[in-house]
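Here are two versions of the same chain, shown separately as structure tokens and labelled structure 1 and structure 2.
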Structure 1
């Protein structure tokens, strides 16, 4: 065994460190004890590198970011040294700077890009004002500074004057995030700390911003600390990775080295639990157990309660850093044995073939009745642009037909604003369509609601049969009620024949089924006493207690850590077998959609600006995507086994068009790299192959179509007056 680095200050030293973090801790005094949310951190950050910091929620990533700028909020107590080395060779301890020195340091030397771009801007002021005020506060030349602002915005593929003259709410999420990056670079800092800067963004925007960050780093020669819980996102971005667990770094090394030969059991478990677009789904496994409480961190190795390799030595002795090679350090006594003990299961298999789904092809020629049918469903909203302006129509759902069968899982994916959630709510009767129809087992939902015609299935029964799991479980559960009370209410409403004993037995049985044991303990907890995954389990139980035929899972796992997503999807599928429930699973993440549909034999539908542009089995959509938009989503999905990092972005434009004024013809033509003049004039329809297992809305899938003789589009934005032919 190689020698352990007893002097932690020697671990992972760099040649030209811009930051030297020594014995840094952050603690909060609480009624139940001292909460250490950063525990004796020791790390060098190389000048000019991109350092990726990865770990589960609550592991201390954001506290590490705050400590670099001495921005830990009161009553947090920051200890240790945060040494910053300037270009001219001076060294300063950031923790000892005065308030005035900190004010200058935080913009001129190091700046921060936060996760929620909307919260970083004053909603009542134009973007230009934010830039001018920043320049003025630091006594910088306004004219020169605004010239730099325009250059930065252009480098981030934004139209400078349009952005500067806009209010924050007038920009999309991706535009706001890029604008915030430009603002963080306004005073030419040496370091940019990015705390989950792409967490709230769609795949295409996320991948585009990651590549823009790499371009900006090269042009402006900045050091970037990129913090995320999404390990695949860092595969092609970061030079080095620092893996965080329980408020300390457990493994640090070059990105390729950690992804190819991870030496810590937690790193391997994290890789194996991450949904991957190409790795075999049977090899993806959740991490058992949960992260420790900061008030009660285990002795010895903090990971030992969850580690399959743990011994008495791990309980008794806190491992220092072992040097696996010159660029790789790991806190594990048994790092040399980890390869055999915890095999890595992230190898991609792009040639794999998936069995024909069990439920998707029901639509192909059988006489089985769907659970739910949408027939040319439309949902159009009016969006007012001012007191005297004519309202614009937002075509959130625009002529969608879809059948969902018993026990089927259909995953809808697409960018924010494409209409996924509106379609989902329309499907379960929470949104009245403005055109077309929605039927449950042949009964029009809204006829039942309004009492029109012969109603065979009462609306109350339909509502019980169609349930929802929301994206944010914290907002979906009453914070003033115990879990027991929350789960008891729907049983009282829909199953009044059950007495109190029966209700309690059913609630406790469900809690035990989803792994919340002992159930009596969890039943009497309030939401704030539950983790994010536990809250989501409660919302799942609440939906299943209705014994529904269909559950809308609206981004139901996107708020969970990557390491918990496989576990939650497996739980949903296990319960599906017990309750015979279909799922309409909404996600913006292709890896999650692929995992749940492949394991269930379901289908994936791809939405763009209110329309389904492609739908089919997992094998067809992943291995043989036909629509250029689907191909771009597959391209944008981060992959741990990254092989296409030099591929060009398969888009003509980064930003999605305004849904109030969708492009004529094919709505994707303004961004499509394959678009031709016909695409701007004519609107393709969704058509299938001989067996209807794979349907696509693209002229490129139609042999001998006039598209093939049509000239390529040379301009990025065809005229709005271009007529649309159907």
Structure 2
């Protein structure tokens, strides 16, 4: 192995590098030029470390992952050297391996975990077959290997035999992802490259997996390269961080160093834009501009079009690596000034005071009539509607009562499958409840629709008043229509007094209001010509054009890049003030929920298996969570400041129970760390503190409850069979 001059940075000088990446580029030849999706990367990876690679989507981070295994998909071309050093001191260049050597190298030395665990398994083969055939392909001993597989699976909180005997579609997303991690470690590799392994999962599951990865890393002694767009996730996991922007690393250093003294303007902007549960909301800001196109990377420093500190020098010359200290390198000419120019805004301040805006529910009291009332609403889905199927009801929403007031913002959070989306759709009258009632300003929605009783508010008007914004901007607009055409529809339907010109003017005006200028140009675009954020704005306009009283925002910002989320939420809040609407904001992310409710003085409701287990003002929920489940969600919310802490997962089980057969008593008792014997038998109810500020459904909130005298529940007790008492 030749010794290369480290003109880069000492941060790269490692003791015992397992990987030495030198001048690595990946290029695609395209009609309009060469697309460089990885641009001359140099990096050392230390044996046994967890290296976190962070970058926005399209920054080239997946290409980096692929190049480590020489797995760049054609027609991409990998250039440079990827030196891999084995434990006994041999070095190989992964890019030079023959096919057969490569086949051996992969999985035996270095393996990979993808984001798409959903699609990483062959749908027609059992999980066991996947393990066996992998062992077989590498001539490993099947029996020993399967023993190891079982051990790995149970280390990952899975039931080995149950998992092995399943088909992929029978496992939940989190289970599949963990199974894939187990599969990646089957042949005892030295390195595991994890490319967004948790991106598709709930926060609680993400955090649990991150925790398990740390444990497993300690136990099996591997090097992990963890690639993600989610900086806070890395804060607690990685030893070192490498920040990627425009197909190269702009800053590399120890995790603490980067989080405390980020020296690249981009890293700082990234940190400032990350929603964080404890930082003051006023301080979060979005990054202006958009990431560069791989065919047309800006000259000089590729960040200069977006950098507030950019000078002519930045446009002209590409900065090299500057060392800020022995363990920290940065690609910016002016890193020394960065502290003053871009102050870090995120600071922990748990005791801060929240200014509750004047129109929040607390300020306005509870004696008003709500816009929307859910009364003991129930939605039970029959899981298969076949002629001869046993009725297998999924209790998506199980007896929920909730009032939503004028101009209020309520955020519902919970893991996927907890029924929050169903609840939202029930609230806006898209889903007929199987029990209970939903009323709009006192008028039962479904009575109005069916024409039962005295209908005071016609269904048409209710329909218009309750609108929705969806999660995935990609599918929220008809791809075959221009923006203008899409927006015309609601206007035509409800405002026939407008003539064509008026409609146009209104549409253009709205486009301009949400910052899509010039509006004439945007109006004529098809959805594929819009960015994710722009599509989301169009859906927002579409909802607002109906002049609604309540908008359901169903994970409306989850699909956006982190740096765009704050911007979008701000826009929603601005428009809310102009248009006088209430928002029901559904999210799996505590930070987003907090951001939007805190800015508007709203409430947060926490859902678990079809029930609201805790609801209250944002301040109460964040700073004084009472329900053990809420606490675990708070725990799971990434938090930049508490790095390195290694608490255990505050759950007895990671996976959510089957909603077709929810646990008896308190539904959370199978996972609750505080569960006692009573919890398995009795069902707690939602009790409040008198005002509308905090309600919780847990025996621990009830003094002198028999709970306090009952014995603790043992782990893995088959408590599901215990009969329920009400």
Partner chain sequence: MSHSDGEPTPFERVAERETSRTDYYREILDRNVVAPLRILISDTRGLFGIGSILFFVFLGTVGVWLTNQPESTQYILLPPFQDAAHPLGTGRYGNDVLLQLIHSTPFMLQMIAGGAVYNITMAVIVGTFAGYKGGRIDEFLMTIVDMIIAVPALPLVIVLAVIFEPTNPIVVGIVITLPSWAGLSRALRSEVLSVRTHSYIEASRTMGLPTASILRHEIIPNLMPYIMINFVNAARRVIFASVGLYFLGVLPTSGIMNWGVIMNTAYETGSLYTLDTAHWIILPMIMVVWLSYGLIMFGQAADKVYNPRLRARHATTMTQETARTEEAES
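Here the rigid core means the biggest group of C-alpha atoms that line up within 1.5 Å when the two forms are laid on top of each other. Since we're looking at a predicted model, the values are computed, not measured. Residue numbers count along the first chain shown, from 1.
Two forms of the same chain are shown on their own. Structure 1 is the form predicted on its own. Superposition on the rigid core between structures 1 and 2 places the CA atom of residue 463 2 Å or more away from its counterpart. Fitting the two forms on the rigid core leaves the C-alpha of residue 617 displaced by under 2 angstroms between structures 1 and 2. Once the rigid core is used as the reference frame, the Cα position of residue 532 differs between structures 1 and 2 by 2 Å or more. Taking the rigid core as reference, the CA displacement of residue 443 between structures 1 and 2 comes to 2.6 Å.
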